[in-house]
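The chain below stands alone, shown as C-alpha cells; this is the form predicted alone.
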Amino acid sequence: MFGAERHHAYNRVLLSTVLAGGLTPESIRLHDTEWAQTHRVELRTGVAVTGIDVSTRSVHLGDGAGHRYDELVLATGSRAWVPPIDGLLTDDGAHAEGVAVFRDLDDCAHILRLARPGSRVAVLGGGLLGLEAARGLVGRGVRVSVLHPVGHLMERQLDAGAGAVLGATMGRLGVDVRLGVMAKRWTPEVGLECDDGSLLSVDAVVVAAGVRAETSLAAEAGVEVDGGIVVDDRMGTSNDRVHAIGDCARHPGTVSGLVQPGYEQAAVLADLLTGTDPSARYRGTPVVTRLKAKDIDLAAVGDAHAEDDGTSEVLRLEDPHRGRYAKIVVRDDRLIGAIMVGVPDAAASAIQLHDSGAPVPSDRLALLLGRALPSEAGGAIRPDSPARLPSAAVICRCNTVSKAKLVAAWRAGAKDVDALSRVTRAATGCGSCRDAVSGVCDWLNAAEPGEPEQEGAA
C-alpha cells in the first residue's frame, strides 16, 4: 500500500469536525503501523506513485524505486479544484500567500495557521465542504464570508427554498453569505476583489470550489478515463489487472464526494480479489448527503430536484422563520428524494424509507412533520425504530457504522452510548446520529438479558 500523504489513513469525512475543534487529528486516524503489521500489509506513507507500466505490471515510485503487482487497485481520490482567479496561484502553480484549499489533513492544519481568532477569512464556494469549513471557523472566533456564484447554497443537493432557509441559518450563526458573487483577484496586501465591485479586507482565502477526480496515473497508463476512471460492477477498468474505487472511480450507480460508495466498492473488490465471493457486484449506493456543521441539521436524499410531472408527487413544508424546510418526492408510493432542513425526525424517517424502499405511508404530511407513522396493525411506529431497522442499516454515516456493528459492540460489553461511541466511533463525527445511537442502545438494554428480538427485521 502506497500513500503520497505522510499520514496514516484517516477519515476524511471528519476533517470539518477537526477544523471546528470537535476532534483532534489523532482521533480520526483509521490505522497505524501496528495495524499494518498485524494484517501483513506493507504500508509506505509519504511515497507517491509517479507512473504505472501495465505491460510489466509495475508501478514507479517518487523515490526512484519500483514495485511489481499482480492486481493494482487505484484509490487516488480527488484533488481540490482552484478556479482561475488572479492571485490564487503562483507562477509555478503553488498556492499563493494566504491561500488554502480544504482537502486533506495538512490543508486543515494550514487553514488553522492562517485563520486565528479575530481574523477574517473568505471561503470560495457555498457547497457542502465550503459551508462546513465556514461554520467550523466561525466556531473558532473567525469572521467568515462565503462567496457563492449561484443564487442559492448547495445547489447540487438543495432547491431554492431549502437553499434560502440554509442561507438564513448560516447568517444567524455568524457567517456572511454572499450569493451570486465571484472573486476576481486576491492580493494579500489589499484583500479580495469581487465581480460586484466590492472589496473584502480578509486575511486569508479558503478555496472550496469543487474537486476533480485524480485520474492522471490511469490516463497516462492508457486506462480508460472519462471524468473519472471508468469501472464496471466488479470495479474493473479497461485493463483487466487494474481496478479503481472511491472518488477516482466513475460508476453509473453513484456520485462522487461521498464516503459510503467508497466503502461499499472496497468491500466488493476485496471479496472478488480474495475469492471470498466471486459473485460480488457493486450496484450503486443510495445518495444521502448530510451537512456536518454544528447547530445545522440538513439531509438531502436521492433525487430531490424532481418536480411534479404527472408521475411523481412533490410535497413541501416551508417554515423559514424557524429555519425549517421539508420536501419529499414520491413515485409509485416510494420515496425517491427528500430535502430536510431543521427537521431531524423527518430526516431520519426519510432516509430509512429511501434506503429500505419501503412504501411511503398514505399520510404524507406526517412524514413531513416527522411524526410517528401509523402501522397497519394499529398504534404508532417510526420507520427508523431500532427494532424495525435491518442489520445493514447505516446509523452513523460519518464513520459507516451499521446497526449490526452497534449490536456487536453492545454484546461485547459496550452497554451505554459513550461506550458504543468509543468502540465504533458512531456519533463522533457531526453528531447528528447520536439520538439514533441512543435509541439502539436503549432498545438493546431493554431486551437484556436475552438476545434482542426482531433484530434485522425489515
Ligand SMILES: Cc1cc2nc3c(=O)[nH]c(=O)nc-3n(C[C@H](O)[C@H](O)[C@H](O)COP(=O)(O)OP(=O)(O)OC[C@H]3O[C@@H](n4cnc5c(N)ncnc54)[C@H](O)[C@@H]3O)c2cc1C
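Just so you know, these numbers come straight off a predicted model, no measurement behind them. A residue's number is simply how far along the shown sequence it sits, counting from 1.
Omitted from view is the form predicted together with the named molecule, to which the following refers.
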query: Contact assignment for the named molecule in the predicted complex, among 76, 157, 352, 285, heavy atom within 4.5 Å; finding: 76
query: One residue of 246, 167, 125, 136 in contact with the named molecule, assessed in the predicted complex (non-hydrogen atom, 4.5 angstroms); finding: 246
query: Per-stretch contact check against the named molecule in the predicted complex, the hit in 230 to 238, 101 to 109, 199 to 207, 311 to 319 (non-hydrogen atom, 4.5 angstroms); finding: 101 to 109
query: Contact check for 2, 47 and 290 against the named molecule in the predicted complex, heavy atom at 4.5 Å; finding: yes
query: Any non-hydrogen atom of residue 437 within 4.5 angstroms of the named molecule in the predicted complex; finding: no
query: Contact test in the predicted complex: residue 13 vs the named molecule, heavy atoms, 4.5 Å; finding: yes
query: Partner proximity in the predicted complex: residue 330 to the named molecule, non-hydrogen atom cutoff 4.5 Å; finding: no
query: Distance check, residue 217 to the named molecule in the predicted complex, heavy atom within 4.5 Å; finding: yes
query: Members of 109 to 145 lying within 4.5 angstroms of the named molecule, judged by heavy atom, in the predicted complex; finding: 129, 132
